[in-house]
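First, one chain by itself in structure tokens, the form predicted alone.
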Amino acid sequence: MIKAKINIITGDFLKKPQGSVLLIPVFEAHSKSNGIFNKVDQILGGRLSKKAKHLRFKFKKDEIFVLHETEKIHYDSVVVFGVGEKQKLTLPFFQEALSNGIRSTVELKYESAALILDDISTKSSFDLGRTISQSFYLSQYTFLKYKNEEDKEKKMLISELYIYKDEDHEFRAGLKMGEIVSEGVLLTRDLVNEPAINTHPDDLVRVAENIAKESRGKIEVNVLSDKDCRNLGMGAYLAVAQGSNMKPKFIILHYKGSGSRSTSKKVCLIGKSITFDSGGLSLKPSKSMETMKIDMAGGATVLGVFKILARKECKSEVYGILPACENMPSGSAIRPGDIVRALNGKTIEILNTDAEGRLVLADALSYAEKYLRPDYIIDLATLTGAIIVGLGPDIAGLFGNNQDLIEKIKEAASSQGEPVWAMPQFKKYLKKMKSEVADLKNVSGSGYGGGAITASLFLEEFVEKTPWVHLDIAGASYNEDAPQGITPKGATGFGVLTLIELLLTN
């Protein structure tokens, strides 16, 4: 549960000061027309404008400066952050700028701040409230669970944000929505950041069951054991799991939805849930293994979405599938050259045991289509390093068999500032995945790239007719660089914002 608070304050920010720091957003080339900036500048004897001039400050999105000599306005400091060109303002753009301003305030060790919005206007006050709330909660995230108490105490967070604004019920509802959504993203980040020694398939089951308990009957959880999966014919999924001492758990969450079946959709979200990926007998180099706790990021994203659904009404009926297991080397592990049969009857020659994600997803996709019969399926997976080579570390690859669904996901992702890029489902490459001794092989063996495409084409072989989209989040789910906007260092929670937006607006 989020402990920090956002408060709406009506009245003059100077006569009724709240918070230690005053946050002032200013548009590029509009500082002279920004009433708040000029009012504060005048009281402070022109110190704001002098500092901006000295720093050659242009008020671009990534520009921030701090003024500490502010005793005349009863705030300890003023943080001025640029929000770029006024005519180009979008909510994701403002979210990133505000998040950077909040992070600067955190670095100054202040525990409270006031935000002035007089110069910021958007079409929807609800969406503005949601954006501010998400910026506040998500930009402050750090994973300190295993740090000593002294280090934890050093990490100050803003516990209260005061927003000076006239009372607005839509804006207040947006703030609440942002808080609920942030809790889902934060859960996903925590799960992905947790070391693999504490995240086994059973642990994901417990998280799912806790979400169901919180939902007060709106969400149910069903868990298939390895015996259940064997009886169903999930040979591909079980092949990956068989090298580990940890029993696999095929987790199915079900949100019943508030709409009627005639007017709402049935949706299935599938998340790759390899709780640790050693590569199996096709063992990864040690350096490549260091971050393989993140290989369940797809499943963690699905759990984050269901965390939100536990508290937020959605018309659609939503299923979530987490085919959870470990990929480990042992005497019982699957061997390169072995052939397995998937739930839909297709046989797969396993040439590389480190290409395991597509195997567990194959049976999950087949299960969803055969037994759940949804209107559409979306899977998320840290599937290929090739997608990072192609798109870099921040952008998710978007594949699918239905253009309408692809466009809806692109729209949802764009509205939430989560970058995706539509990739070709180039059918000619499917022949690279054909085996001479089975129906398919799990790697192409090609040295000419296209690995993200061939992996997606492999997955499509397990979706016969249902509209389906695959999101390759291998890079986007984990940030190894400095924090930026709402994105922290480490697990990002990528995909939660996009999926919940899609569910609530379609």
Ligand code: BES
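The numbering used is simple: start at 1 and walk along the sequence shown. Note that this is a predicted model, so its numbers are computed, not measured.
Just so it is clear, the following notes concern the form predicted in complex with this ligand, a form of the same protein that is not shown.
Q: Can you work out whether Arg358 and this ligand are in contact in the model of the complex, taking contact to mean some heavy atom pair no more than 4.5 Å apart?
A: Residue-level check for Arg358: yes, a contact with this ligand.
Q: I'd like to know whether Leu383 contacts this ligand in the model of the complex, with contact meaning heavy atoms within 4.5 angstroms.
A: Yes, Leu383 is a contact residue.
Q: Should Val443 be classed as touching this ligand in the model of the complex when contacts are defined as heavy atoms within 4.5 Å?
A: Result yes; Val443 sits at the interface with this ligand in the model of the complex.
Q: Taking heavy atoms only, is Asp295 within 4.5 angstroms of this ligand in the model of the complex?
A: Yes, contact at 4.5 Å.
Q: Just one of Glu418, Asp363, Asp277, Asp379 has a heavy atom within 4.5 Å of this ligand in the model of the complex. Which one?
A: Contact residue from the list: Asp277.
Q: With this ligand left out of view, which of Lys307, Lys272, Arg130, Arg189 would have a heavy atom within 4.5 Å of it in the model of the complex?
A: Checked against the cut-off, the match is Lys272.
Q: Tell me which stretch of 406-414, 167-175, 348-356, 81-89 has a heavy atom within 4.5 angstroms of this ligand in the model of the complex.
A: Heavy-atom contact with the partner occurs in 348-356.
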